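Here's a solo chain for you in structure tokens, the form predicted alone.
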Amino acid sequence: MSNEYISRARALMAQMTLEEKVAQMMQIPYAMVGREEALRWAKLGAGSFLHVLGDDAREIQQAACSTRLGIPVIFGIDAVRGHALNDHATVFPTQLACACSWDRETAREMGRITAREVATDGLHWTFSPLLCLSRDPRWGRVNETFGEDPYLTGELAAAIIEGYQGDSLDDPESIIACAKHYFAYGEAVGARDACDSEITYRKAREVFLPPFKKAVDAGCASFMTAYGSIDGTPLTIDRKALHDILRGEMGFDGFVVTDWMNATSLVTQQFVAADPVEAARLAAEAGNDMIMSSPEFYESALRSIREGRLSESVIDEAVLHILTVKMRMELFAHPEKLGRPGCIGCAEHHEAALRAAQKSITLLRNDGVLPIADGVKTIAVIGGNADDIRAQYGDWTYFSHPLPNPEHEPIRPYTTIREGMEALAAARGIACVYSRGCSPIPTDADDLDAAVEAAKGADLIVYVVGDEVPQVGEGKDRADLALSGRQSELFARLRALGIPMTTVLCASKPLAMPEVEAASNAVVVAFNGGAHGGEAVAQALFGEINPQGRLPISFPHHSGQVPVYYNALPGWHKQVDKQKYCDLPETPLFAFGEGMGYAPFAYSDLSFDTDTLTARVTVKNTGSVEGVETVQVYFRDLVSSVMTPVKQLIAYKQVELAPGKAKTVEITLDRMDFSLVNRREERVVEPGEFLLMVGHSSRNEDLLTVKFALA
């Protein structure tokens, strides 16, 4: 970071009173406090506000700039899949859906367009990306993650951060990214949101911290602390995490913000502080620079300093971090971001949202029923999620935040799965009938008889299953991952008709649906595809696009099988010739990295040069259409001082091949790709033998293997 920015920040701090400095650490939730209270905080010198849009934001900024020192505020917003809290903005697929693309450029474009729309609304900062790993799909926030793997998560996170922040924070179309939640929030015991993460620091360094290091290396200007705890210490007050590792080891030079009411929760939820004064001291000393939605922190911090419990130098360090970023943004010269007038929800941005949705479509099973053949005359589209834009969007849109607003009229343009299917069917002279049947949450509108009757005359059934917004997000962890409501019952009745059947998952997470896998002619995963998710599904089913998605997360057969992430440690006891569970397979229903298109690929001739650390493999398109293959590279350390995963993703490369064409794909690795974290919490490469595995998915049968040694 330039010394110029730091010098300017220090010069401003020299003019500030203690009260003004503590006020800079405050982030005020506009939607919760209301206009008058927000204006009072602006005049006190609050450093940031969240969830305030348009003219309300301009009024707050004007009040802040009219104070004695005129320090502008930073406006934060949960623009986590587009600027979707603005009901006219472009709604992109969720992070989980985006991760199905395995495409860095798709993530980067999502970030760039989101930044442009947020900036055009006059705002500065998004609370994205989320770098937690979703290794337990029962967790309510799985849809916000890039999946279960640290490598893939780090790659996509770095790309979207580059998109948000552009070449410079003072660019009119750039906004601040926020890497959250630091760290292991998704590893909470039993997938219980915000509970303790039962891990060690060695485990954290091995699995959960690497994506955050990539965020730091990408220049991410802010980090957000996690709700949870590690070994009983809330991460909000863990100085080792926030100071020693984040700043000392990783080299982070931005500012740290707590999550919602984290300082308050030290008293009311986690019971590690007796009162707000003690909580303020603990939060500040640990390394939190900005305090989100804990307004009592202001008076509590002042009291703690005046009583000699908290050093003013701690406050100075926090404020320096905040003001330095404001200087980097040139916020004093340009308090309001300009963006690109007229771009919010423009056609160009919707085209990008469609591209992202197309690349996210993941075909998992297909016995030849797809793409839809010319001989099909009638298609029955069944299921509430086939025509419910709220379910298709999922969490973190204007329907759900900053305050729940389920009655909000949906804003066009968008395309549901039903609408997408009807449009493409009509263009081909195919009849398309729709029946709601049932939704994930039972209502009086459920009518299974009507759905079965509608499907009887069809040549193909497209049955859309999944979950709904009330089942998704913070505080909505699930104990049961089976299809909810009467969806399984309707599936059985439709299947009994004997008509070819494609099942589409429109959901926020993997669901346990072995009956679907076993009995469907085709299975398609769409997750939450955003405004054009329905159009992308229809294009994939009709063969207008060749699905190229690969799963970023594993699917369980049953809730009791969780966790099923691919990179587990070895050692699970197994009796000879018997499965490890006595009542379920040990392998997942669908595996990390799995996916198919209409063009199968064959792998051959794997080699690995230990001098250059270059892997070479021949990939051939054995199908009749052009396709994109994601070549996945895994490794295993065969003997090591600590237990290491049975396989770990360390690289991937996407290759596009015409029918019948082959290509030798080269991927050069780094020695540290084969590292582990030892018992002293050191990342090292231990000499010995390794396996390199290259192929189509994380399943053993999809991988070619070569053994090699490192000295």
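What you see is a predicted model; the values in this text were computed from it and never measured. Numbers follow the displayed sequence, beginning with 1.
Omitted here: the form predicted in complex with ligand GLC. The next part is about that form.
Think of it this way: in the model of the complex, ligand GLC has a heavy atom of just one of H532, K180, H349, R135 within 4.5 Å, and the residue is K180. This chain is drawn without ligand GLC; in the model of the complex, the residue among D259, D103, D395, E162 with a heavy atom within 4.5 Å of it is D259. The partner is not drawn, yet in the model of the complex one stretch among 63 to 71, 679 to 687, 649 to 657, 46 to 54 has residues with heavy atoms inside 4.5 Å of ligand GLC: 46 to 54. By the criterion of a heavy atom within 4.5 Å, R550 is excluded from the residues contacting ligand GLC in the model of the complex. In the model of the complex, no heavy atom of I322 sits within 4.5 Å of ligand GLC. For the chain shown alone, D388 is not a contact residue for ligand GLC in the model of the complex, no non-hydrogen atom being within 4.5 angstroms. By the criterion of a heavy atom within 4.5 Å, D78 is counted among the residues contacting ligand GLC in the model of the complex. Each of M224, Y227 and M292 places at least one heavy atom within 4.5 Å of ligand GLC in the model of the complex. Residues from 128 to 165 that approach ligand GLC in the model of the complex with a non-hydrogen atom within 4.5 Å are limited to R141.
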